[in-house]
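For reference, the chain that follows is the form predicted alone, supplied as structure tokens.
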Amino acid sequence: MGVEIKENYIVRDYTPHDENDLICEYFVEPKKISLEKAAQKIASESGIGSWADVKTLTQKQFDALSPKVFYLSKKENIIQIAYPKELFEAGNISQILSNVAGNVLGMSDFKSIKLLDINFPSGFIRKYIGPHYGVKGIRKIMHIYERPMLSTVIKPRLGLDEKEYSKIAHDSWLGGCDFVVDDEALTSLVNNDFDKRMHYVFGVKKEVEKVTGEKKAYIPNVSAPYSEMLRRAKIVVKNGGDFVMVNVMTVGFSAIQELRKLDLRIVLYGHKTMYAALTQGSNGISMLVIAKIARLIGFDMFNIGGEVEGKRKESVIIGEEIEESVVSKDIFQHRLQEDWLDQKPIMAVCSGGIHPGKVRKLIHALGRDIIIQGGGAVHAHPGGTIAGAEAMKQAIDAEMLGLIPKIYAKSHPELAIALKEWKD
């Protein structure tokens, strides 16, 4: 008999240590085996074990490096595992995920398995640069210190040329948006060249700032192969930009780590596009895990979805809806604000099907340190883009004044029209 006795992975009286253990929480529905057997298989596959009784594993190695399953809930199908920090390269998020979210998520022993959460050892957290600006830095740049901020994605997402695009950006800012953001699919296209778009949009941004006396920001999508992504980010800086957006999943964690290390003095906004491929039903990786990683590797803002209502009893909420795990237990707060050694709290960007009728619910669930991003609701407003932006801003103003939107709408026609157009 080899030294890997799978029953030894379950150590219910083990107390994890913040400095020594990486802790993962999984939702598991076993297939023809008990939850205990499932936990053993996960600990083995994501640690130092194998399906076979290998002879190269020594007792000393097993005792020092074997993960410990310290919590099982048959009622919730939840297990928690503490992994010794020696199994990981601290600053290499790719290697960490290869262990705890690699082959183990594809094992045939489970009907479903989902990595719900990761808690990193303190020493690991210190290995990452983390956000440069975070919530306070973004608020300082924008000169907005109390309220949630308002953003829009230009619609149609593709098809506009540079001048048409800049005109809609102009109207969005004039109506009250703080940010104009490129769609995740817009990079540099035949009829909308990235460099030309920067020239036109940053030009109209300056015009609107003079008219309104308010700080406005443009967040271009710089997602591309690394060298081109870097070139585009530098163009944004050259044009006086303070923000860039990067598609987290399609660009990759390692490339983002490198971009952050360059410290271009620019706010990094992470978009979650393609995240749905990681989550199907009760399988995959939770939004909370991806958001935590985004904070570690240097994002100041992260897109978490846009719907705060869902089937709360399920372990996962799909699509544009915000997973319950991202909502803090503390009222008016989200999980990306929580104390995490010296890592700055970051802005949660709420995006996806948002209209003025949803603004109040978002603020109540997530607090004020959020960016409320409306696309369709701004540009599909019956009164046009300016009116659409005004309606979204009025919904935020109503909440800040402690007023029910329908009451505030009596003296604000743009909001009244929007509330009639889109029911919450």
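One rule holds for the numbers: they count along the sequence shown, beginning at 1. Quick caveat: nothing in here was measured; it's all calculated off a predicted structure.
Missing here is the form predicted together with a further copy of the same chain; even so, the following discussion is about that form.
Item to check | Heavy atom of each of P30, M287 and G388 within 4.5 Å of a further copy of the same chain in the predicted complex | outcome: Checked in the predicted complex: no contact with a further copy of the same chain for any of the three.
Item to check | Residue among P225, G123, G240, G203 with a heavy atom within 4.5 Å of a further copy of the same chain in the predicted complex | outcome: Residue within 4.5 Å of the partner: P225.
Checklist entry - From the list E258, D330, E338, E207, which entry has a heavy atom within 4.5 Å of a further copy of the same chain in the predicted complex? => result So the residue touching a further copy of the same chain in the predicted complex, by this definition, is E258.
Checklist entry - Can you pick the stretch from 341-349, 209-217, 132-140, 163-171 whose heavy atoms fall within 4.5 Å of a further copy of the same chain in the predicted complex? => result Of the stretches listed, the one contacting the partner is 163-171.
Item to check | 4.5 Å heavy atom contact, Y71 and a further copy of the same chain in the predicted complex | outcome: The answer is no: Y71 has no heavy atom within 4.5 Å of a further copy of the same chain.
Item to check | Contact label in the predicted complex: E86 to a further copy of the same chain, heavy atom within 4.5 Å | outcome: E86 belongs to the contact set for a further copy of the same chain.
Next on the checklist: Whether S46 contacts a further copy of the same chain in the predicted complex should be assessed with a 4.5 Å heavy atom distance threshold; does it?
Outcome noted: Taking the distances in the predicted complex, the answer for S46 is yes, it comes within 4.5 Å of a further copy of the same chain.
Checklist entry - So in the predicted complex, does L189 come within 4.5 Å of a further copy of the same chain, heavy atom to heavy atom? => result L189: yes, in contact with a further copy of the same chain in the predicted complex.
Item to check | Heavy atom within 4.5 Å of a further copy of the same chain in the predicted complex - qualifying residues of 90-104 | outcome: Residues within 4.5 Å: G91, N92, S94, Q95, L97, S98, N99, A101, G102, N103.
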